[in-house]
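Single chain ahead, written as structure tokens, the form predicted on its own.
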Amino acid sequence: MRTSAIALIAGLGVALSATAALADYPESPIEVIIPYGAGGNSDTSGRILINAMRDVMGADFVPLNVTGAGGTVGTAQLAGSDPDGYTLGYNPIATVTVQPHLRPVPYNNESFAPVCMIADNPTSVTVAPDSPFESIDDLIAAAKGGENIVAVGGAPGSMTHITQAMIADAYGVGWTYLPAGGGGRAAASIMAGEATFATDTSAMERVHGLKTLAVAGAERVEGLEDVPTLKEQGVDVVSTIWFGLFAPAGTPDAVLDTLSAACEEAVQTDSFIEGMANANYIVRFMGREEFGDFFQAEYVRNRELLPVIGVELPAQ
């Protein structure tokens, strides 16, 4: 009995120490891995969130750009980090819900603890401002008529790649895909006449001066109220590019709750709202529980979309 009592007291001491440590969280800088280079979509929106959370929590958040292999190098580093709340990751949809199905990576949907989602931009179909195409029907008619249509977007397996393939499949047409990189490079390819259209975010018109033919969202987008969605035109294609904050799996619930609450407060600050608006992001917040369910559903959904770009899925 004496031994059991000593063990019980020791166990209580450890538990109380852990609770005290969590109560003082954070006590040191929090590193946030951004798996892409400076200046891109992930980096821009990630730093806006980091700055807002720094102000809300009074903590030192340190952004780390860890690039390579379509965002999987930095994401793998996050998955292998200690689950202590001092290493987080800011990820777009493709790195955590598409890439694990495309290539051997040391992580999957069980490797992360979702903290919050902060932005969700629908993709759109955009062409050059002087393009003869005035609607998605014009573009499809040209493709069916045998014109050489080139779709431009990100790397193979990106959401921009998947989106253009979903549209082609829905309409029963074919075109060539040109992987050019981010939205700026895609716009440059269109302006130079190298590509016919892009399937990037709905900000392409405002940022790069392109003409929007259709939006692949569940509803029309503010600022593009005259542009119909694909669903309105009878085509069931909805494709968005979202961004969220993640921790390694196993991070204590108390830490995740603290971070999620801070994230919710951060997205309501004037600096965050203004920063995201200026950078053309559509804010959509989800706390950790809602985002966790959403993330798991997206992981399954996006796997099932891959055959549209020619990926043969292994049996499960």
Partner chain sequence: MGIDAFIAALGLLADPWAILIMLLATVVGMIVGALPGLGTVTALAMILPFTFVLTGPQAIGLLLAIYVSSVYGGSIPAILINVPGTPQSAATTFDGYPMAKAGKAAEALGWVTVASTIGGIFSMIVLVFAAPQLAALAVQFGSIETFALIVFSLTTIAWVSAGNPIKGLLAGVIGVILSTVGVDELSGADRFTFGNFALSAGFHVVPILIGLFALSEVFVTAGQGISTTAKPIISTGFKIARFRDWWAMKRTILRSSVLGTFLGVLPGVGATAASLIGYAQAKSASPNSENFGKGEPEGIVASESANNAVTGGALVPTLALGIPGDAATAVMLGALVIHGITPGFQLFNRNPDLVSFIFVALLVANIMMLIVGAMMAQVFSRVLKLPHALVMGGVVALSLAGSYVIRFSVLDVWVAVMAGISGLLLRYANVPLAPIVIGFILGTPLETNLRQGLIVTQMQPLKFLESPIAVGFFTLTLIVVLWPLLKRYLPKRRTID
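Nothing here was measured: the structure is a model prediction, and the numbers come from that model. Residue numbers count along the first chain shown, from 1.
Beyond what is shown, the protein has a form predicted in complex with the partner chain; the following relates to that form.
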Does any heavy atom of Ala249 come within 4.5 Å of a heavy atom of the partner chain in the predicted bound form?
no
So in the predicted bound form, does any heavy atom of Met286 sit within 4.5 Å of the partner chain?
no
Would you please decide whether Tyr177 lies within 4.5 angstroms of the partner chain in the predicted bound form, comparing each non-hydrogen atom pair?
yes
Interface membership of Ile93, the partner chain in the predicted bound form, 4.5 Å heavy atom rule
no
Note which of Ala254, Ile273, Ala69, Met57 lies within 4.5 Å of the partner chain in the predicted bound form, where distance is taken over heavy atoms; exactly one does.
Ala69
Can you pick out, from Met166, Ile140, Ala119, Val105, the residue that has a heavy atom within 4.5 Å of the partner chain in the predicted bound form?
Val105
Tell me whether Asp226, Val300 and Leu305, taken together, all sit within 4.5 Å of the partner chain in the predicted bound form, counting heavy atoms only.
no
Answer range among 212-220, 166-174, 153-161, 229-237 for contact with the partner chain, defined in the predicted bound form as heavy atoms within 4.5 Å:
153-161
For 50-64: residues with a non-hydrogen atom within 4.5 angstroms of the partner chain in the predicted bound form?
Asn51, Arg54, Leu64
